[in-house]
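This document opens with one chain alone, in structure tokens, the form predicted alone.
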């Protein structure tokens, strides 16, 4: 299983169309089925072009709803719960902090060669009209990537340079500070990624060009978009022999239609036996059928904003565990941690907010096994229901506990701790216990509570 990371910027109006789905979302969904995937909304990046509060809020909200609906529509609950979905700006400044640090090991010339900056200059934009955010965009993207130490970063061919810059910056950091802290990510450009022309058959599908087919608009809007799709301009009558190549209706049907029926329609269309209206109607029906699960999720999520916030909160917690650990390593490596650094001290009292930040949930131990190289550790495979599954270690074999004791039972677990390395593996939480009179930990049963329920 590889760690995959991808980000999406809330540009345009934040809504997604079938071109977005075929060009990026579908590939990410396929990878999320078998890999550890991180997907974030890059709202900081949107600031390079959007300086309007209302527009940015609307874009971010629309993108979150659209993206979550597609993910939940096409992934199983288990696959979705394994995915880490979060907002860049929710990570308490970690992304900009790492960007600031990386700024100081990045050569100016590297940024001047970046496509976004060069494209602006090529369009005869006055340099004073190019904001620093756009110029340093690749460094923020490098921070986005390097914080999570991913193996692969899925990108289009036009975005490959950003991953290459991230690699260059990581190599330079590792060399300057003489520590292999950052993993060098690899760009992943699937050959099967579809670059989809718009309904005009001439240009890439884009909302600004008005040549899209929406996913979450009303059925009336989608039907109008489908009926306006480019077909065969040489065909004056339904009985004329039709052309398949370059006909956008059939291009879309190859992705969304039922293969055997599409092949039959291609044959009939080429022989002048069916008209444009019939094939467009089938495309419309195919799109509604294909995206039915996602459209259903969209309605549910739109009517339940608390669920959306809970998903983002869980994503933030999971992302923070990884990014927070990386930033701790970075600060120590560059010398920000020293003899006069403030140290977190144990407090005799805590606030309600402090206690409220501890995420305690009910989990059921599905399997458990002893770690051979350890005399203490037991590896627990814990199911938290809709909250997902985790591997959590507990060091209690010296008290007489065995793996068999835990199997099939429900307990309370803290799930928002930073992941901790144990015997080369990550423990993704902690089982809760109380002390007995003889010092032996007694584990707190959660047998009567639903899996994944949070203790308040």
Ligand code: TRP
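Bear in mind the structure is a predicted one, so any value in this text is a computation, not a measurement. Numbering follows the first chain given and starts at 1.
Beyond what is shown, the protein has a form predicted together with the ligand; the following relates to that form.
- Contact with the ligand in the model of the complex, judged by any heavy atom within 4.5 Å, is made by just one of 137, 284, 290, 250: 137.
- Residue 141 is the only one of 141, 226, 84, 169 with a heavy atom lying within 4.5 Å of the ligand in the model of the complex.
- For residue 7, a non-hydrogen atom is located within 4.5 Å of the ligand in the model of the complex, even though that partner is not displayed.
- In the model of the complex, none of the heavy atoms of residue 382 sits within 4.5 Å of a heavy atom of the ligand.
- In the model of the complex, the ligand stays beyond 4.5 Å of every heavy atom belonging to residue 98.
- Not displayed here, the ligand is approached by residue 145 to within 4.5 Å at the level of heavy atoms in the model of the complex.
- Candidate site formed by 45, 155 and 159: every one of these residues places a non-hydrogen atom within 4.5 angstroms of the ligand in the model of the complex.
- Contact annotation: the ligand lies within 4.5 Å of heavy atoms from the stretch 145-153 in the model of the complex, the single such stretch among 216-224, 234-242, 145-153, 322-330.
- Contact annotation for 26-40: a single residue, 40, has a non-hydrogen atom within 4.5 angstroms of the ligand in the model of the complex.
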